[in-house]
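We begin with a single chain expressed as structure tokens, specifically the form predicted alone.
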Amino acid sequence: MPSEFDKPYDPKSVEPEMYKKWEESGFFNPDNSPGKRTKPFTIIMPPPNANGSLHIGHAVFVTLQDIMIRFERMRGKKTLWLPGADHAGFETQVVFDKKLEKEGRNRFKIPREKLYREMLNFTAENKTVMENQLRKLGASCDWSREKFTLDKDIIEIVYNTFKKLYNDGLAYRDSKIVNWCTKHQTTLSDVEIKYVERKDPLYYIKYGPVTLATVRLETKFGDTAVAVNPKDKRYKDLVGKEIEIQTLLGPAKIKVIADEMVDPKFGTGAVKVTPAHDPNDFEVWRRHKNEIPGPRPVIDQYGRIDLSGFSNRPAAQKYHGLKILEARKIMEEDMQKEGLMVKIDPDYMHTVATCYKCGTILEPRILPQWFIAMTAKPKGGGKSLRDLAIEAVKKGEIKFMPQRMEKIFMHWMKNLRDWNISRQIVWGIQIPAWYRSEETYVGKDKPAGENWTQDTDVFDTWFSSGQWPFATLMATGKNDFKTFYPTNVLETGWDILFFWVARMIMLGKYSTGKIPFKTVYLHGLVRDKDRQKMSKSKGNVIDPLGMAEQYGTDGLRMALVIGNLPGNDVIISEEKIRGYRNFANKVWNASRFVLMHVAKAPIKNKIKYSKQKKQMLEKLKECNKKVTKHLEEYKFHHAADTLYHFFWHYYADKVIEHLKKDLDSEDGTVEKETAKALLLKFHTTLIKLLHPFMPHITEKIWEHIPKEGEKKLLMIEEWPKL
């Protein structure tokens, strides 16, 4: 028996050694796979953000994807797991802003090129750390094909997609109302809004003969109409007429219009229309632009009242420059003094749109932005982006796990609006659009002639990462797109179904004519043992790298898989990880027993299985079939749980115990050689079945198990077929 098995299992010494052997073997690269492998199996790694360390959610996806890859590699497939990293646009900008704040610096005072270089260096450092952490978790991905969302060849593909969309009339620039974060000074797409319930005063204010209700007093200066429902008989005599009103800036006139958008049951059934600061009001103005004035912005980009357009009204100076909440309070007091406030409901509950990163209430603004038309058909004919995705799912070309996610996907697609892809930050892929007077040119290079200026906005990061499956395979410099696209599985968290998965389906079908993946496996959020969401403030965050260091990566991986069902939250705790570290020790100790009794292969002509031993082999065969079927159906929890119980409670507790007496027989006897053969059959089979889940310990054990023929790494051994 090898001397290292005299000691307890030490993952700290085994895991780095095993990973080094795997990486040096070159077998992570499908081009180096032994044997004739024609059927591909591909996973494109969801690229972790290159702005910090991996968290427990990353450990979940690494574990699940590595299980799939190792399983299919052992089944003789041409497996490619392509790793990458995401520049993560706005998310990285937020992280870097915090770093600058600690240093007493402000990004708005740093020249664009300098800031970009600083952020590039920052992400490069984090990317290296993150890649080594992926190695620590056992990721058997092909590092020779690793891609970054800011690689030149990836950017080239993103630009080509944008130009194609532009030529098809699906990418367009327009001044529309968008979501604006006054803290981060950028627009956000609809899926980056976090809606929160808030209690605010609901003000009932006088507008001449009409009383209307509003939460946002501060936008009153930008009102261009009063709207009522056309079926509301209370106001039928006022519709189409101008009414005289008294405001804090003096007397004014405003028109009453009828629009279906107005809910007669809200407040008094009459609402003010402020198209510059409310998306619904903006649409009302678009429908009635021949009747009422255009949008009148009265809040600036920093969330302060801007009444510079009212220079002829001396009273405007009192409110000009005030922050929104400050202005609201002062206006409330002044309107009460002037008799313009009818009443106040102090406990009005409503939904407020906030920035999903900082929680700042978003301020709608009208800005020229680039949009992707989601429901319009291309100029040259064909289906809209939305319809391409819906068709792929309806036809069963793409399947969701769990299946209930398909219904959620369809609901979201039904309510799709055009996608604002412009971001007013430095970090990202600069939009390849050039302007000269009224002309617009789309292309990566500056057009011929003078006075062309490039758009300073960058793409929403989901626009580039939405092209990730085909862009990566097109950019490896090999024939990978032809060989490995469409990919087999997209495994990611259910929380980015709308952010990312839907966009990959739409852009993949549009750009290549093919689906980007066949199966979408969505794991849940990671929660603690009390089912609480993990957060630093609660002190319940589990660091996967720290746990791997303390208890071993294989124990961590088992803890992340068992109890993990698609679409359901993953429950994890240190106690659970410690428990599966104990299982790793059990596997190690069982291996010690095997190596102690089976130093050499059994003598074949002395092997004679009794009826009882044949029944044992049948149970092993059943376990083999069950685990294989579970893995084929992406039921990772069931596969791991089956193996755990079979190894511990049947193999270790019953089979090994049963064989001990025979193993103590004299060498060369039928009893001993049969026992050795049965023990070896069980152990080699179970070590192979456990490999995708616990790769390090099983690879180490495999080095020492007696076997005939060429000695190969376990990672490329054939999957058991009993």
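Quick note: we count residues from 1 along the sequence shown, nothing fancier. Note that the structure is a prediction, hence the values are computed from the model and not measured.
Another form exists, predicted together with the RNA; not displayed. Remarks below refer to it.
- Every member of the trio R404, I408 and D653 reaches the RNA in the predicted complex with some non-hydrogen atom inside 4.5 Å.
- Residue N589 is the only one of N589, Q454, Q336, N121 with a heavy atom lying within 4.5 Å of the RNA in the predicted complex.
- Of the candidates W412, Y609, Y302, F108, W412 is the one whose heavy atoms come within 4.5 Å of the RNA in the predicted complex; the others do not.
- Of the candidate stretches 657-665, 37-45, 55-63, 674-682, only 657-665 has residues whose heavy atoms lie within 4.5 Å of the RNA in the predicted complex.
- For L202, a non-hydrogen atom is located within 4.5 Å of the RNA in the predicted complex, even though that partner is not displayed.
- By the criterion of a heavy atom within 4.5 Å, A213 is counted among the residues contacting the RNA in the predicted complex.
- At least one heavy atom of D278 is located within 4.5 Å of the RNA in the predicted complex.
- With a 4.5 Å cutoff on heavy atoms, M596 counts as touching the RNA in the predicted complex.
- In the predicted complex, the residues of 253-271 lying within 4.5 Å of the RNA by at least one heavy atom are, in order, V262, D263, F266, A270, V271.
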